[in-house]
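As a starting point, one isolated chain is supplied in C-alpha cells, in the form predicted on its own.
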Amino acid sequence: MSTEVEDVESFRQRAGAWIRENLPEQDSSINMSMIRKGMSDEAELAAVQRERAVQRMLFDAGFAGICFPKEYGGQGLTPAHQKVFNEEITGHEFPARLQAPSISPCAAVLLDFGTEEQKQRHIPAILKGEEIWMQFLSEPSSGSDVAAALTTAVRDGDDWVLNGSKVWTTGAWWSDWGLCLARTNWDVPKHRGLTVFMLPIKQDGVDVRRIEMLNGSMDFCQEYLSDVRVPDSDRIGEIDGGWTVGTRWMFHERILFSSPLVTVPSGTTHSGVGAGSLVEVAHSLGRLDDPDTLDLIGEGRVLELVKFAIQGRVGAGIASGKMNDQSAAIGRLFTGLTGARLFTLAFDIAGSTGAAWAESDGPAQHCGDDYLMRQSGCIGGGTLEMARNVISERVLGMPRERSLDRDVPFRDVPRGGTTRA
C-alpha cells in the first residue's frame, strides 16, 4: 500500500475544483463567534442541518479532517494542506457551526486524551457532521477561574453521577454532546481534583435554557445537570487529572482560527468585523471621501495585518517547538483587543446611524449593537485577563500572581452561599 502524501499544489487544484463545483459562493466574512440577533429558531435549525450535510459532503469527498489521522476518518495530511484548503474555500459555503467547538477544541481533546474506543466512536462521527459537540466548561459561580468548578461527579459503581450547572454554551440547544469538566475530589487543591467527561446533551437530567443577550440574541445557553449518569468509559483522561486535559483544551481554544484542524475561510476571525467591513459601512453612508473616516479604516487595516502576522508567527513558533504552547495566549490577547477596537471603529464611522438605525441602513445597521457587545470577544474563549496572566507567568516567566487557595483543599476554600460535597 502506498503511503505517498499528495503534494500541496495538486491537492489545492483538486480541492479548488471540487469546491467550485459543489459549494455555492458565500460571503466569507461570515463570523463563527460574533453574537447577533439573527434568524428564527426554525431557520437556525435548518441552517444547522444544512451545515451537517455540507460537512458530510466534505467527508465523502475526502476533505474533512485533513490533519486528522486516517484511522479516525481523517486524511492524514499536513497543516499546509489544510491551509490551502482554507484559501480555496474562501468565498464559498462552509460548515461554520461544526468547526468550533466540535472539531476544535472538542475532537482535538479526544485526539489528545481519548481512549482508542472513544476516538473510533466519536471522531469519525464529528468529521461526518453526525455529532455536534459543545464545551461544558464555564460556571455561573467561577467566572474566569475554570479550576474553581463546582459541578460534581460522584462515583457510583461503573458510573459517575453529575450535578451542577454550566453556562455561556453557544448553541447547546441544537447540539448533541458536551465535553464537561467536573469536580471529583474536594480534599485536594482545586487544580488537582478535576476530571473531564463526555455526555449526550439530549437526555433526562440535562436541562438546557437559553439566555437572552443585550442585543436580543439567544445563542448562549445555561445547562443544569441533575443526577446525570455517565459511564466511566466516557471519562476522558485520568481521574483527578482534568486540569492536564483542561490546559490542552484551552490551548486548542486559543489557537482556534490558526488551528490546522479546522476548515475556515482565510481571514476568519473572532471579531467578525475587519477593514473590509469598515469600508462597507463607510461606503453605505457616503463617507469614503472623509479624511477622518479613512484614518479609522487605515487603523483597522493595520490592526488586521498585525493580528494575522502574530497568529502566523506564534503558530509557526509552537509548531517548531521554539515557543511553548502557552504562547497561544499572545494571539488570543491581541485578537480580543483588535476585535473590540474594530467594533469601536465601525461605530465611530457610522456616527449617528450607530445610535439610531433601520434595516434599510445596510452594513451600518449592526454597528450600534456590535459596539454594545464588543467586549464579548474579550470574555468568551477565556478572558483577556487570563491571557495576560498566562503570558506573564508561563511565557515570560514572571512571578506568579498571589493566590490564597493555591495549596488549600478545595472544600476549605471560602465560597459565599455555596454548598460543599
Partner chain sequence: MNVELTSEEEALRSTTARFLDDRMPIAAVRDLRDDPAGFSMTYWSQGAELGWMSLLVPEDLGGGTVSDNAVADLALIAHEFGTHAAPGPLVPCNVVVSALAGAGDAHAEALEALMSGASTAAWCYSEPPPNDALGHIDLEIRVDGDDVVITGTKRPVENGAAADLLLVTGRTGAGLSQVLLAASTPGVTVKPLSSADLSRRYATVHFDDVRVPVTAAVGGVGEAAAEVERQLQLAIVVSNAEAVGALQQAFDMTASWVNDRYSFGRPLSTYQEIKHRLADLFTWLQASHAINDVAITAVGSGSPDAAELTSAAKAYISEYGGELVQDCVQLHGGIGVTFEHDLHLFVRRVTVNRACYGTFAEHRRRVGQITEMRKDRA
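Residue numbers count along the first chain shown, from 1. C-alpha atoms forming the largest set that superposes within 1.5 Å between two forms make up the rigid core. No experiment lies behind these values; they were computed from the predicted model shown.
One more form of this protein, predicted in complex with its partner chain, exists but is not displayed; see below.
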query	finding
Its partner chain contact at residue 356 in the predicted bound form, heavy atom, 4.5 Å	no
Heavy atom of residue 401 within 4.5 Å of its partner chain in the predicted bound form	yes
Residue 27 within 4.5 Å of its partner chain in the predicted bound form, heavy atoms	no
Contact test in the predicted bound form: residue 186 vs its partner chain, heavy atoms, 4.5 Å	no
Contact assignment for its partner chain in the predicted bound form, among 84, 323, 218, 239, heavy atom within 4.5 Å	323
Proximity to its partner chain in the predicted bound form, single hit among 117, 212, 71, 295 (heavy atom within 4.5 Å)	295
Which of 226 to 234, 193 to 201, 167 to 175, 275 to 283 lines the interface with its partner chain in the predicted bound form (heavy atom within 4.5 Å)	275 to 283
Contact test, all of 306, 309 and 389, partner its partner chain in the predicted bound form, heavy atom 4.5 Å	yes
Flag for residue 254, CA shift 2 Å or larger between the shown form and the other one after aligning core	no
Cα displacement of residue 17 between the shown form and the other one reaching 2 Å, rigid core superposed	no
Rigid core superposed: residue 332 CA moves 2 Å or more between the shown form and the other one	yes
